[in-house]
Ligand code: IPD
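Shown here is one chain on its own, the form predicted alone, set out as structure tokens.
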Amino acid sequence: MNLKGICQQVIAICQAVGQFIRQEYQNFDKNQTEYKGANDLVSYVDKTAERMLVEQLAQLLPQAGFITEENPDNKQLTDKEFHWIIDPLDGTTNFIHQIPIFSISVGLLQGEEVVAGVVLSVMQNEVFYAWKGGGAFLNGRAIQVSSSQELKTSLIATGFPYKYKGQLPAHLRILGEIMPQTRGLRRLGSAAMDLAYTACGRFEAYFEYNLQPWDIAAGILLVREAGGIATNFAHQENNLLFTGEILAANPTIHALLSPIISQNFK
């Protein structure tokens, strides 16, 4: 399989869908917002974008299954060799509130391994992509994780999940411990973009819990192909998509942050 060629075709598909999202962003009416759960928002834009992606990706690789955010029938792996893992609009809350930080994330899974991934930062028109063994790229330029070797020169990204609030005290303890040691903390509101920014060295690290496979599939591959490490909080790399948590960073910063996070999330 020509994974590089597949990436190029997925990029073209994402850019077409990104154009639709940008058009809707200009005049989106908040009254058209729907709720999947408390603080879990969705709109016709998410649903339409997902349908567009599924239709075009199905033509690209007809033998593949799908794991998608908005379709309740596409939540689990099947017996197919390949699966597309799709987040059509990662950062819906930002989109609804007219904050221009959201993305499209598409990963291709072979068995249990992500072998190709594309993250389109929609409003910035930045395309991050990678394929297994081929490296990671931003708009055609090879990227690498940060070379920082110390927390004091590191900018760390995280998220604040709206579910499992019983874990919030542990999360706040971690923030309190690492904040004084680093250059600061950021919360973009799009896990896919957090991982893409970690892959290209804008962030030294990113960690979060209560994540879904479509949040992180493409981003995991971006970080790894850019020379970084992506694990769960127990430092395990395998089956990361379905653990619900991630710590991604360059090797040195990962080693510094991992014990702080694992000690709090026991």
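Residue numbers here begin at 1 and follow the sequence given. Small disclaimer: the values here were computed from a predicted structure and weren't measured.
Beyond what is shown, the protein has a form predicted in complex with D-MYO-inositol-1-phosphate (IPD); the following relates to that form.
Q: In the predicted complex, which of the listed residues (Ala130, Ile85, Leu89, Val122) lies with a heavy atom within 4.5 Å of D-MYO-inositol-1-phosphate (IPD)?
A: Checked against the cut-off, the match is Leu89.
Q: Taking D-MYO-inositol-1-phosphate (IPD) in the predicted complex as the reference, which of Ile67, Ala230, Leu211, Leu53 has a non-hydrogen atom within 4.5 Å?
A: Of Ile67, Ala230, Leu211, Leu53, the residue with a heavy atom within 4.5 Å of D-MYO-inositol-1-phosphate (IPD) in the predicted complex is Leu211.
Q: Tell me which of 111-119, 73-81, 189-197, 172-180 has residues with heavy atoms within 4.5 angstroms of D-MYO-inositol-1-phosphate (IPD) in the predicted complex?
A: Of the options, only 189-197 has residues within 4.5 Å of the partner.
Q: Answer for Asp215 alone: is it within 4.5 Å of D-MYO-inositol-1-phosphate (IPD) in the predicted complex, judged on heavy atom distances?
A: Contact with D-MYO-inositol-1-phosphate (IPD), yes.
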